[in-house]
Structures are given as C-alpha cells and as structure tokens.
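Here we start with a single chain on its own, the form predicted on its own, put down as structure tokens.
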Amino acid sequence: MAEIKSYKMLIGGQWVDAESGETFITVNPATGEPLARVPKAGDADVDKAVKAARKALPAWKALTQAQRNEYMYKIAAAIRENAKELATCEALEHGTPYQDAFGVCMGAAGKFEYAANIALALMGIQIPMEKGQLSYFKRGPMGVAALVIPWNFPIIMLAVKASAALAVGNTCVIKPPSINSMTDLVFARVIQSAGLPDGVVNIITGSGETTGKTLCCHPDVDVIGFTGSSETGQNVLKYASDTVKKCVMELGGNNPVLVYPDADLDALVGVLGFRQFNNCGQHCSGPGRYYVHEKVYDAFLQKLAAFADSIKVGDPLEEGTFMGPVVSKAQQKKIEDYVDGAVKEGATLYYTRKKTPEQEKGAYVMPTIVSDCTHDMKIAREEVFGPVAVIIKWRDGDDLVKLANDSPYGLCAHVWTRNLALALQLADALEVGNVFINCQTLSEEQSWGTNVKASGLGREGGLEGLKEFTDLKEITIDYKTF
C-alpha cells in the first residue's frame, strides 16, 4: 500500500491544518485503498476563512477589470503547466480516465480566460429619464462568495464557479466535496501559484453537514454558489434564509430524451451514448430516461448496446480506458440498487457485463441498459446518476410532453427528430431550462442551469453566469441642481 500523503487548507494565504487537528481520509475508488489525509475544518476554521476573504475584498474589488484579468490569465497558465498532476489527482481520487481528466484541466484553464474576457462586457445600464435627470445601474461584486463544489467534476466545477466569482471582484471561500478533497486542494495550490493576494481565494475541507452548513450560515458570506442534489439544495436555502443570502444553485435532474420514429439513430447513439457512459454517467446534463417510439425501439436498443459493448472499463490511469469506477462504494450501491429494483418491478436487464476480480475490489458499475421500463418505475422517476440507460417505449397517441414534464425536475431535455417544426414546438412546451435538439453542446459562451422546479436557481457559464455574482446599484442624479 502506498504512503498516505497529508494536505493542508488555504486560509488567508497560509497553508494550515484544522485548528482541532482533526483529519479524514479520501479513498481511491478504483482500488478501495486510502489515498490522502486532509484537514477536517471546524467552525473556527470556517470563520477564519470568511474573515480572510472579507479582509481581502476591498483591495480586490478596487482593482480595474484589466488588473484582475491579469491574475485570471496567470491562473489559466498555471493550470496548463500543472495539468498532468491535476489530471492524475482526478483520476486517482475520482476515477476519471486520465485522458478525460487532462481534457477537463484544459477546459478549466479556458474557464478563467473566458471569464476574464467576458467580464469586460459587463457594463452599466442607462435608464431613460425626464430632461435634466440621469439614472443608471452600476454593476459591482456581491462580496464574499461561498462556493460549494460537487463531487462529479471536482476540477471543472471549481473552475466554473471560482472564475466567475473572481473575475467580477468577489473573494471566495471554497468547500470542495469531501470525497474529492485532495484534488481540489492541489488545484487551489495551482491557483495560488498565480500570485493572488492573500485571502482572495480560501479553501477549507470537511463534510457538507458540518463545514458546508457553517459556511452557508456565516453572516459575512454574501452569495452562495452550490451544485448538488435538490434535497441538499433545499437545506442550503434554509441556511441562507436567516441572512437573506443570494443562492446560485444547480440541483438535480432526470432529463427526458424524446426519440421520434424519424430520428437519426446512429447520430443519437453517438452523442448520447457518449454522454450516458462518459464519467460513468455522472453528468447533470446526461440522459435520465429515454422515451423511444415503438417503431425504432428495437433498433435503438441494439445500437446502444453495441456502443456500450465497445467501451473499455478499467483502470483510470490505463491508456484507452473509457470508464473507470464511480466515485465511491456508496454511489455504486445506490446505482445498482436502482437497477435491481427496476428488474423486480418488471423491467428487463437488456445489457450489462460481468466485473473482473480487480473491478470487484473497486467501485465499478458496468455499462447498463434497462429496457421495458415504465414511466412510473422508481428508476424512471428519480436521478440515478450512473452509467445506466433507462428505456421506455412510447406509442402513437401517447402524450409525450405530458410524460416528459411529469417530473419534479426541470434541468434539461433532449429531442431527436428530423421535423424542425415539431422540435421547436417541443422546445417551447418542455418545462426545462435547456433543450438540446439533435445534439448536446455546452460551449464557453452558453450558460447552464435553470429556475424550473427543483433543478436550480440561476445559471452558470457565459455572460449570464458572471451576472449572477454581481449586484446592480441604481444611481439617479438631477443634474439641473448643479
């Protein structure tokens, strides 16, 4: 067994242990072996981090946009210089195949550059007034941002939130997912190597139930950026309510895929097959339930199974691996319980494969297709968040929009048809924040998120994502009096 390395938190420009001296261990999901020892922050550590961010705020927000952008470009350069180490950390601690993790690191660098560039476009708004008067909105940072990072993409999600918050003048206290704490502590070291002033970025590690709760309740935090389950999001809103903090939240989803008989099945499987099994299906934007027309149902299953059969599952550090383990044994059990439950309810286990003895030791879930599902099955109603395709047959006369909208979630939907008029009608009728028609593309310029149902508040990415971390101050002058 390899030696377990210890890591420290970043508070006020200093690398520190928790005041209590308490620590916890993160685990390699591919082997089940201990990987890293990280501090377990308590209330005193959270308070120190927030105070450090508050102290750094006046000078950071007083910088010109061009001055802040210089730091953002240096962060991007530092990420690229350290991409191999970062990618290895994510592969070891999260199970992401190395080549995917390396691409994620390159994407993280791009997030900081894009946020810097687009922040230049955040200008004030002039309001028409009567002659002799001027009224305008001026944008400024919210203040201290608490950024609570999800476990499914620890590096890119930290980059998305921190780049937006920092670019427009906020200071940050970041709480990584406890299960991926080593990865984000190394990422914080890379960010800090860009020469940021002390206290602009602080990172504390611990559980969501204790460290995360204390951070979200802290009276000196002005805005919360959170990604996670809808249930945890509800708790965050409760914590934030005492001090009326703004919350930017991307929460759960169970995204419907509407497949019409004229759909290009090869293109569909190429796009959503990748999305279904890449990162073990641990994507907020991934397919949740496929409604496939009976005329193409069998053909679709065959093509999706062929795609799944081509996937190499194995060691995340091994070249050519497409799927590593899921993030933890607990997540593995949750996913496999959904599959077992669906079969007991009458669904068919259409495709899976046996694990090797080495895979049995880790948190591996094989690519899985469950057919003959019904809309009311638990596996079709809840967020599985794994490499499991849930297939439901629909027939002429079924109200597909009603079925798609019959969900507590409203994150995104996928539509596959060659009928453009129908596709656009569906896009208007679907109760979601994002609709993908015959594609799935998430570019730097696009914003992601929703205000629909239990799937979130606000957006991330693009110009709209930066706006979420700013406040509008209205200033009105009667210049006839001067």
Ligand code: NAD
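Note that residue numbering follows the sequence shown and begins at 1. No experiment lies behind these values; they were computed from the predicted model shown.
Another form exists, predicted in complex with nicotinamide-adenine-dinucleotide (NAD); not displayed. Remarks below refer to it.
Proximity to nicotinamide-adenine-dinucleotide (NAD) in the model of the complex, defined as a heavy atom within 4.5 Å, holds among F112, F385, F277, F187 only for F385.
Here is the short version: of G314, G273, G208, G143, the single residue with a heavy atom within 4.5 Å of nicotinamide-adenine-dinucleotide (NAD) in the model of the complex is G208.
Under a 4.5 angstroms non-hydrogen atom cutoff, nicotinamide-adenine-dinucleotide (NAD) in the model of the complex has I149 among its neighbouring residues. Shown alone here, T321 lies farther than 4.5 Å from nicotinamide-adenine-dinucleotide (NAD) in the model of the complex, counting heavy atoms only. In the model of the complex, at least one heavy atom of T232 sits within 4.5 Å of nicotinamide-adenine-dinucleotide (NAD). nicotinamide-adenine-dinucleotide (NAD) in the model of the complex is approached by C284, whose closest heavy atom lies within 4.5 angstroms of it. Residues within 4.5 angstroms of nicotinamide-adenine-dinucleotide (NAD) in the model of the complex, judged by any non-hydrogen atom, belong to 149 to 157 and to none of the other stretches in 70 to 78, 149 to 157, 399 to 407, 365 to 373. Within 4.5 angstroms of nicotinamide-adenine-dinucleotide (NAD) in the model of the complex, the stretch 343 to 382 places no non-hydrogen atom at all.
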